[in-house]
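We begin with a single chain expressed as structure tokens, specifically the form predicted on its own.
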Amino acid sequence: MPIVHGTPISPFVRKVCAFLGEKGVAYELRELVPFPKTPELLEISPLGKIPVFEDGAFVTPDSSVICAYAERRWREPALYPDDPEAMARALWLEEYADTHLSEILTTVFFQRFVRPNVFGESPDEERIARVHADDLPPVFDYLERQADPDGLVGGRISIADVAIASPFGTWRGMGQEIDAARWPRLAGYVDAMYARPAFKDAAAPLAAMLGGS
């Protein structure tokens, strides 16, 4: 059985787990935190990041690389579009999710969970307020225009949906909600994604962790 090395805190670990779930691939999630940067971690992930994927003798880091590998390892159902334009759109949304969206949506989690529980520091509530007031609205406005509960690209589930929806697991885990009156399509889209078995399963370890905190 393939092994996903990482922690449920990470949206990138959740991305890989949801991707494998959509593929119908059974996997083991094995706890690995990216700090300290031990020699053992750097041996399998030279950038010191998670997730790391182990499939027999094959080992690779990076969620995008892992998903691309899994697409070719387990062909059906296909989660990358065949059409060149659709493929480009899906990869752009994956990039947007992995960079800008993930950074913003994990800020509340970092401030209110990681800082006190890992670093023994108080949350920066001013930073959280700026996220809500300044950072989130343009991002949610953009995603409101893209949202489709059947799939962001071509009306079917793809890597774009896996990447975009995954950071919302951390957001929802901290009790944050999307203002459905302001962003109804986005709120419905995220609800639809987390109603899917693959996303329910991928989000469950984080929910269990927060519930026990």
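Note that residue numbering follows the sequence shown and begins at 1. Computed from a prediction, not measured in an experiment: that's the story for all the values here.
Unshown form predicted together with a small molecule; subsequent notes refer to it.
- Of the stretches 63 to 71, 22 to 30, 148 to 156, 173 to 181, only 63 to 71 has residues with a heavy atom within 4.5 Å of the small molecule in the predicted complex.
- By the criterion of a heavy atom within 4.5 Å, Phe12 is counted among the residues contacting the small molecule in the predicted complex.
- Contact check for Lys49: a heavy atom falls within 4.5 Å of the small molecule in the predicted complex.
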